[in-house]
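The data below hold one chain only, encoded as C-alpha cells and taken in the form predicted on its own.
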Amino acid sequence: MVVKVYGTAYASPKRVLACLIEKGIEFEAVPVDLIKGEHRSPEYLKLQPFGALPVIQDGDYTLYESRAIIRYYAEKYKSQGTDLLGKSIEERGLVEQWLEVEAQNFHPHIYNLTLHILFASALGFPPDEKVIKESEEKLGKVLDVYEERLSKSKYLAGDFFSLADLSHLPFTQYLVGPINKEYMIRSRKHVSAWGSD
C-alpha cells in the first residue's frame, strides 16, 4: 500500500517526505493549496480537523503532525533504510531531545521568518519588519547553541544522522534559499558543516 502525503509543496510535509525517502517507503503526493484555502475544505478537515499540513494516509490509518508522522515511520520501519532513532535508549533520548529543541526553539523563529518574508503578501497581509528582525535575532541565538553542540558531534544527537537532523531540513532550505539568509548558517563553522552533509 502506497502512503498518501497531503500538501507536499510545503516545508512541514517535506519533513515527512525526507523521512519516507530515508526509510525507502513508497508514497504518493496529494496536492493541497494553502493559498487557495484547500486546507479548510470540509473534505480536508475530516482528515485534519485543525486544517494544518501534513496528513498521511497509510491504508486505513490516518495521522497528522509532521513530527508524530516521522516518529511513526522511523519506528514502524526501524530495520529498513537509515536508522533514524539511534541504537541505544540513550541515543534515542538525545534524538527526542533535539527533536523537541527543533520544535520548541528553532521552528517558531524560522516559521515567522518564512511566513513574513515568503508568504505574507500571498496570504494578504504585509510583512512585519519587527517580527522579521526579532525572529532573526532569536534564531541566531538558537544557532549559537547548535554551533556549540555541533563542535562536539557530527550531528545533533551524536555521530549519526537522525530524525533530529532530518526535522530541520525543509525550513533550513528556506533559510539558505528564498529567505536569503544563508549567512546565518555559513557564519557558524560547525552549523555550516552540519548543513552541508
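Residue indices: 1-based, along the sequence shown. Computed from a predicted model, the values in this text were never measured in an experiment.
A second form of this protein, the form predicted in complex with a further copy of the same chain, is not displayed here; the remarks below concern that form.
In terms of non-hydrogen atoms within 4.5 angstroms, which of the given stretches 125-133, 22-30, 144-152, 158-166 touches a further copy of the same chain in the predicted bound form?
Selected stretch: 144-152.
Kindly indicate whether E38, Y44 and A120 are, all three, within 4.5 angstroms of a further copy of the same chain in the predicted bound form, using heavy atoms.
Checking in the predicted bound form: none of E38, Y44 and A120 is within 4.5 Å of a further copy of the same chain.
I'd like to know whether P49 contacts a further copy of the same chain in the predicted bound form, with contact meaning heavy atoms within 4.5 angstroms.
Taking the distances in the predicted bound form, the answer for P49 is yes, it comes within 4.5 Å of a further copy of the same chain.
Give a yes/no on whether D83 approaches a further copy of the same chain to within 4.5 Å in the predicted bound form, heavy atoms considered.
No, D83 sits far enough from a further copy of the same chain in the predicted bound form that none of its heavy atoms falls within 4.5 Å.
If we define contact as a non-hydrogen atom of the residue within 4.5 angstroms of the partner, is H116 a contact of a further copy of the same chain in the predicted bound form?
No, no contact at 4.5 Å.
With the cut-off set at 4.5 Å between non-hydrogen atoms, does T62 touch a further copy of the same chain in the predicted bound form?
Within the cut-off, so yes.
Across 95-126, which residues bring a heavy atom to within 4.5 Å of a further copy of the same chain in the predicted bound form?
Contacting residues: E96, Q97, W98, E100, V101, A103, Q104, N105.
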